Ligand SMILES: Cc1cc2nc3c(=O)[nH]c(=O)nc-3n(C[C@H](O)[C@H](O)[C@H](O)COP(=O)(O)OP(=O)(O)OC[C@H]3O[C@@H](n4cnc5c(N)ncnc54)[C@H](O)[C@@H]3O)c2cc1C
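Only one chain is shown below, in C-alpha cells, and it's the form predicted on its own.
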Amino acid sequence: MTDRYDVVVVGGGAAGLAAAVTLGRSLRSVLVVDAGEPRNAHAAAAHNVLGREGVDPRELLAAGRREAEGYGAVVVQDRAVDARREDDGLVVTLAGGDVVRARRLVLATGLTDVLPDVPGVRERWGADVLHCPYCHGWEVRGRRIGVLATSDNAAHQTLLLRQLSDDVTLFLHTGPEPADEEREQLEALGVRLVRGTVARLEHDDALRAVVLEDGSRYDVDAVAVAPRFVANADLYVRLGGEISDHAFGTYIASSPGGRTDVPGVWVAGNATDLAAMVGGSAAAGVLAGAGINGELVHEDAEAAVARARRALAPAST
C-alpha cells in the first residue's frame, strides 16, 4: 500500500471489484478496502450470473480479486471507519490504522438485511429462508413454500412464488390483509391464507414448519420473507451526504452512472440499488469506474494545460 491513490473503493463485492477492474484497465491506481462481509455470505450459490450460474459466492469474489489485482489494484482486508474531505482530495481512515488519500471514492458498501424478528428466520437465512424468487426460487420449485407477510408487498411476492409451486401458503403475520383484487387472485390460484402471528420457524438441519402463537403448525420446506433493506452508508453521512428513504428501506441516491451529491463520491451496487443482483451490481461497478476515469481524464487534461501555460508565461522581473 501507498498513502495516495486515484481511487479508493470501499467494498470488495461484485460492484467494488468490477469498478476496480475497470479503473485498473485504464491505468488508474486503485485501493479496494474489503471488510470480508459479503451480503450473500450465507448463500451456497449465486444465480443469474451469466456464464457462472450457480457459482459459490466466495469463489466468484476470489476470482474478482485476482482479476482486479492483475490490473494493478491493491486489495486489503480491512474496514473503512472514517472519511473526510481535505484540500487535496478525500481521506479515508482504516480500522487497522492506515490513512489513505484519494482523488475519488467509490462506496460499494452494500446493504444490511434487517430480518423479521421471528425465531428460526436468521438461523435458516440463506438456506431455506429466502427473499428473492429470482435468486433462489428455482431451488425450491415444486416444494411447500410459506410466505411470511410483513409488508404490503407480500401478495406480490406470493404470486411470484406461486409461479414456482402449487403449494404456497401466505402467513399474514404482521402484514396487512390483501386488497380485494389480490385476495381474489390468490384464492383463484389456490394459495392458502393463514391469519395469526407466527411464533417461530421449526427447524433442525432443515426447515420443517411454521408455528403460530396459537400452536397451529404448518409443514413447509421453505419460507420467503421480506427484509428491510438498509444501505450501509456511514461513510457517506460522514462526508455530508443524506440518506434517502425507500418503501423497502434506505439507499444512497445517485445518478444513473453512480455519481452522488457529494463531490468526488460515487456509489455502486446495493447501497444505491436495493434490488440489484450480482450481475446488476457488477454492471453498476463498471459504469462507476468508467465515469470516474472519464472525469479524471478531463481533470488531468486541465492540469496539463495549466502547467503548459505556466511554462510559457514570461518570467517575472
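Numbering starts at 1 and runs along the sequence shown. From a predicted model like this one, the values you see are computed outputs, not experimental measurements.
The same protein has a further form, the form predicted together with this ligand, not shown here; the description that follows concerns it.
V33 belongs to the set of residues with a heavy atom inside 4.5 Å of this ligand in the predicted bound form.
Contact check for A80: a non-hydrogen atom falls within 4.5 Å of this ligand in the predicted bound form. Residue contact check for R259: none of its heavy atoms lie within 4.5 Å of this ligand in the predicted bound form. Proximity of S254 to this ligand in the predicted bound form: non-hydrogen atoms within 4.5 Å are absent; the residue sits far from the partner. Of the residues given (R228, H131, R162, H203), H131 alone sits with a heavy atom within 4.5 Å of this ligand in the predicted bound form. For the options V140, V211, C135, A102, the one in contact with this ligand in the predicted bound form, meaning a heavy atom within 4.5 Å, is C135.
Three-residue candidate spot T22, N293 and L296; no residue lies within 4.5 angstroms of this ligand in the predicted bound form by any non-hydrogen atom. Comparing 246-254, 22-30, 266-274, 66-74 against this ligand in the predicted bound form, the single stretch with non-hydrogen atoms within 4.5 angstroms of it is 266-274. Contacts between 84-121 and this ligand, taken as any heavy atom within 4.5 Å in the predicted bound form, involve A108, T109, G110, D113.
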